[in-house]
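Here you get one chain, nothing else, as structure tokens; it is the form predicted alone.
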Amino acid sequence: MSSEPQAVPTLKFVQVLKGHRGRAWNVSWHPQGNLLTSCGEDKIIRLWGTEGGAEGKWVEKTTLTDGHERTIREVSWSPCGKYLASSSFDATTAIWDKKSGEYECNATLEGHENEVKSVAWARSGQVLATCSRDKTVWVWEVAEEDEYECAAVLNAHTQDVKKVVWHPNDEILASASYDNTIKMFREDPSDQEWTCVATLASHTSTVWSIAFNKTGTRLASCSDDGTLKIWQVYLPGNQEGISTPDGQPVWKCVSTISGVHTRSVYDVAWCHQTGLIATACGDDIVRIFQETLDSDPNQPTFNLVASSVASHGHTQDVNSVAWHPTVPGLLASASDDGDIRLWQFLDSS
């Protein structure tokens, strides 16, 4: 008796977006999902949109060229979608808006001594963070229109800081560094001072990127050591009996995915709609991981369920992955090969 072949999850190639010269470093979706933004070695920010509605082909809509003198490492949209921040090897962060009808750089944040590697907005849109090769993390407050003030310079890391991300619900800032650690920061309400409240140490080499899940109860991290790690927060009084010194939440590594990536893992993205995790790797491959259904929450199991196929894949290191904010399973990736690629995760069900 013949049985139906079992469908397997796949990462379907959708489209390649060409335009960058040299490395494409980063991709970021507008909060509404109508624009995809990319940046790279060519010092140009490219904004891509669809022709003919959401299902249409993605094409280049505009380019932003006069904000930076060197490579642009990362782009990040404010939660309201009105502001775009870009961080550069020229040690500055530019803030762009469209008030005039065209995107223009109306503020430049200066202060870092070296390349700015990452920039991220807090959920409130009133605070943003930058980090640099100068080992510091800066917190900036939106003072008034086009005015940004440095609220804190955080010196907790001992090496180059690669990535900053904000907790999805609270004003907690996480940073990843060449010193192999992840740090968590928050503002002390008693004196408005930003302090390091947690150090996450388990990786054996540079932590390249981090990403929170939808609720902010877990964090994914990826590293030069070739692993993907899942961290979970335990609050004071937790039922598992995990000790929380000084009444501070404690982050524990609850899962390590190793032996899957063959080179450094440069980026990780946690889809807030599906729970899928995507990674960008130095072996040119985009991979998708999914938590197993019967997973123990304190020792979760994540399986590799799909990866990019060589015939449509990147030909050099993948530097960035980003899930679409409203279309489940739509993923963008950026690579040293200069291409931006779009993928659609198709489940087996």
Partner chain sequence: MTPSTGGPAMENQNPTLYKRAADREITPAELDNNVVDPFDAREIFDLIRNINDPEHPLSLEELNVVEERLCLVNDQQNTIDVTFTPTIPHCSMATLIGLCIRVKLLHALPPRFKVTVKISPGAHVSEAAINKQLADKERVAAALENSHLIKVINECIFAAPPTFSKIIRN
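Predicted model only: the values in this text are computed from it and were never measured. Numbering follows the first chain given and starts at 1.
What follows is about the form predicted together with its partner chain, which we do not show.
Participant: Can you pick the one in 261, 112, 157, 117 that has a heavy atom within 4.5 Å of its partner chain in the model of the complex?
Facilitator: Only one option qualifies, and that one is 117.
Participant: Considering 183, 73, 218, 229, which brings a non-hydrogen atom within 4.5 Å of its partner chain in the model of the complex?
Facilitator: Contact with its partner chain in the model of the complex is made by 73 alone.
Participant: I need the one stretch from 297-305, 28-36, 277-285, 59-67 whose residues put non-hydrogen atoms within 4.5 angstroms of its partner chain in the model of the complex.
Facilitator: Looking at the partner contacts, the answer comes out as 277-285.
Participant: Could you confirm whether residue 339 comes within 4.5 Å of its partner chain in the model of the complex, counting heavy atoms only?
Facilitator: The answer is no: residue 339 has no heavy atom within 4.5 Å of its partner chain.
Participant: Given that its partner chain is not shown alongside this chain, does residue 206 nevertheless sit within 4.5 Å of it in the model of the complex, heavy atom to heavy atom?
Facilitator: Yes, residue 206 sits close enough to its partner chain in the model of the complex that at least one of its heavy atoms falls within 4.5 Å.
Participant: Using heavy atoms and a 4.5 Å limit, would one call residue 23 a contact residue for its partner chain in the model of the complex?
Facilitator: Heavy-atom contact with its partner chain at 4.5 Å: present for residue 23.
Participant: For residue 317, is any heavy atom within 4.5 Å of its partner chain in the model of the complex, or not?
Facilitator: So residue 317 counts as contacting its partner chain.
Participant: Give, in sequence order, every residue of 85-106 that has a heavy atom within 4.5 Å of its partner chain in the model of the complex, or say none if there are no such residues.
Facilitator: Only 89 sits within 4.5 Å of the partner.
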